[in-house]
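Only one chain is shown below, in structure tokens, and it's the form predicted on its own.
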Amino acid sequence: MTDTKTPLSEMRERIDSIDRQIQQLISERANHAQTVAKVKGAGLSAIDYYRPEREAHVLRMVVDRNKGPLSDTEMVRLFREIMSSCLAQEDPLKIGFLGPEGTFSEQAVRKHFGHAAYGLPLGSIEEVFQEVAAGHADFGVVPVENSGQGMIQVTLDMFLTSEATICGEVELRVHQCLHSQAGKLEDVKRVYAHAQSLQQCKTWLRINLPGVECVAVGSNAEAARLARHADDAAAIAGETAGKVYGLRTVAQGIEDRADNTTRFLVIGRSLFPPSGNDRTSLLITVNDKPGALYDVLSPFARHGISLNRIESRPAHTGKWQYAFFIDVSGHVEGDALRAAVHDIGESAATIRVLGSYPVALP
């Protein structure tokens, strides 16, 4: 701990010395990353080097070692950027997300992959799945659940027809702002926003902008683009989107819930090995018979598997037929979960492992 009586010039010299050590060690880490790439062989792309289970393990060790004063979230963010830059030396990962620039989906990309990854903004969640399947994007990031509004149905429905696998998850604390050109609340006659954001802010809107027209659009960044060209319009979007599109912030923190958080899924084309703290997502359809759901769920209890979430959706295979999306603790390569999946397969119509992936970090 630094003595508060130490002259300011001496403290600055110490900081400069530490900075030199940090820079030297980062360069040394980057050199080791290059060596690993050479060992794996020439002609490989970033996706061949990327190992989410290894990255999650490294970041958990960062959290375990952290004694402050920086928070776990800040330490994870710093190390994530170092790893992102090291991985991108030859060929950065290409990550598809719901665009345009400035969306919360882009923020989730940066939180999970760092700023060295190449962000590929796309027009819809469906297009993110398509670009990953076609190999035009290495991975995609799509919203799946909000703490106040529940599941994003279009994302779940895409898994019914897509072969995409889930490779990771990101939890993003969502702070909504109201932006406009004029920057005055009394000038707002129309509000653009994604439908989810309108729902997240409906109480604030009712109290502060009663009677104002609310228009749902494809993304909050698109809302900001529209508001940029209308003096009487405003947009609900994150702070980043307001800056990107040159708007003034009228109000901050207008979300109705203080814990407003969106969970995103990282989708790819492969399953990855265990990281040590994993979640598995399953897609199960059942036969229409008494006790069908019980037959699906009871093996989890029998094998000591914790059930995190269950959601039903029309299966698109016939009228009144349903698919169940189930999240459980553990990796599918674990003995207990492997046994549970085997037992479920004996009674379910179909069962598919959507992915086993590291639990979200701070």
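For clarity, a rigid core is taken as the largest C-alpha set superposing within 1.5 Å between two forms. Worth saying up front: this structure is predicted, and the values here are computed from it rather than measured. One-based numbering along the sequence shown.
We do not show the form predicted in complex with another copy of the chain, though everything after this point is about it.
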With a cut-off of 4.5 Å between heavy atoms, is I47 one of the residues that contacts another copy of the chain in the model of the complex? no
Quick one: does A30 come within 4.5 Å of another copy of the chain in the model of the complex, counting heavy atoms only? yes
So in the model of the complex, is another copy of the chain close enough to R302 to count as touching (4.5 Å, heavy atoms)? no
Any of the heavy atoms of G119 lying within 4.5 Å of another copy of the chain in the model of the complex? yes
Honest question, do E145, K202 and G330 all end up within 4.5 Å of another copy of the chain in the model of the complex by heavy atom distance? no
Using a 4.5 Å heavy atom cut-off, which of 291-299, 50-58, 304-312, 322-330 contacts another copy of the chain in the model of the complex? 50-58
Checked E163, E213, D231, E74 for heavy atoms within 4.5 Å of another copy of the chain in the model of the complex; positive is E74
Just to confirm, with a 4.5 Å cut-off on non-hydrogen atoms, which of I82, I152, L283, A133 contacts another copy of the chain in the model of the complex? I82
What residues of 18-33, in sequence order, lie within 4.5 Å of another copy of the chain in the model of the complex by heavy atom? I18, D19, R20, Q21, I22, Q23, L25, I26, S27, E28, R29, A30, N31, H32
Aligning on the rigid core, do we see the C-alpha of N277 shift 2 angstroms or more between this form and the one not shown? no
Quick check on E169: with the core superposed, does its CA move 2 angstroms or more between this form and the one not shown? no
Given a core-based superposition, decide whether the C-alpha of A227 shifts by 2 Å or more between this form and the one not shown. yes
Say whether the C-alpha atoms of E239 and L70 sit closer together or farther apart in the model of the complex than in the form shown here, given that their separation changes by 3 Å or more. closer
In the model of the complex, the Cα separation between G68 and E239 changes by 3 Å or more relative to the shown form; did it shrink or grow? closer
